[in-house]
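The chain below stands alone and is given in structure tokens; this is the form predicted alone.
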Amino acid sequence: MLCAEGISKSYKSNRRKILDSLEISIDEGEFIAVMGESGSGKSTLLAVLAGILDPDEGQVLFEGKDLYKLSDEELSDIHKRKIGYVPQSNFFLKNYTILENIVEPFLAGSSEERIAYEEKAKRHLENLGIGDLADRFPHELSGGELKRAAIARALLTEPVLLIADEPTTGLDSGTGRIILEYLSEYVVSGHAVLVATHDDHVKEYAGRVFDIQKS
């Protein structure tokens, strides 16, 4: 599904190489955890693999295509349909409800499409334990609730690959397990999940652990 080869990335400010010739592959039905101490490059690696941050060297092949050789339109379509991405920091438009924040980025104008997406979004929110918060605004939710809403948004189009950056950091153990169990169920259905974390509980769910050492 995804294969990254020779990935290197340096900080422009001090030219310190945060990623140095890394290689990683992801197949359908895999739950992979990327682990390492703060500053080791976990978030940078995930952004590169998601097609969000250009590497200095190397290539990222997704379904046989180099993400960084695609047109903006092709890459945008992959982000909407194929690769779901949950950043470390939650981003929601403050004047939109949670449900609107989830479905609006994917709508093309059809009322039938809106209804279908709203039903999917509500189902994800319900399964993640926050179905009663769909009509609330972002400032009314806790950090853990917003993280679950961000995951629901990333899963809306049922992407073949979900990439999540620190999905359980700062959350209580109960909320963390709700998230990890839901991601595990997503993997069982034939999809792939890649998580960056320093939460040791993730090891209980991951089939593979990819360790990054701070350079």
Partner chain sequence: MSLRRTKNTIKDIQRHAFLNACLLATVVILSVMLFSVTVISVSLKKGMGNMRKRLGADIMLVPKGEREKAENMLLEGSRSNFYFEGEVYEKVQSIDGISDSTSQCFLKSLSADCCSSEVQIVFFDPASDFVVGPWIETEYKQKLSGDAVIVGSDIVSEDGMIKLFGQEYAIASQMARTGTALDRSVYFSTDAKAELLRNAEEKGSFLTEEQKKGDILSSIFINVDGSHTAEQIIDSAHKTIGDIFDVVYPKKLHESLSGSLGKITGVVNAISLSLGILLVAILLIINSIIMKGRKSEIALLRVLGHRKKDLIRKLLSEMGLISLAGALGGSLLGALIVIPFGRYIGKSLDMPYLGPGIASVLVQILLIVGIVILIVFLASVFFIIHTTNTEPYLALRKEE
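Heads up, when I say rigid core I mean the largest set of C-alphas that superpose within 1.5 Å between the two forms. Positions refer to the first chain, counted from 1. Everything quoted here is computed from the prediction, not taken from an experiment.
There is also a form predicted together with the partner chain; it is not shown, and the following applies to it.
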If contact means any heavy atom within 4.5 Å, which of 141 to 149, 128 to 136, 91 to 99, 115 to 123 contacts the partner chain in the model of the complex? 91 to 99
None of Q59, T169, S184, S43 but one has a heavy atom within 4.5 Å of the partner chain in the model of the complex; the exception is S43
State the residue from M35, L70, V160, I52 whose non-hydrogen atoms include one within 4.5 Å of the partner chain in the model of the complex. I52
Considering non-hydrogen atoms and a 4.5 Å limit, does the partner chain approach H191 in the model of the complex? no
With the partner left out of view, is I178 within 4.5 angstroms of the partner chain in the model of the complex by any non-hydrogen atom? no
Using 4.5 Å between non-hydrogen atoms, is A47 touching the partner chain in the model of the complex? yes
Rigid core superposed: F137 CA moves 2 Å or more between this form and the one not shown: no
Does L107 move appreciably between this form and the one not shown, meaning a CA displacement of 2 Å or more on the superposed rigid core? yes
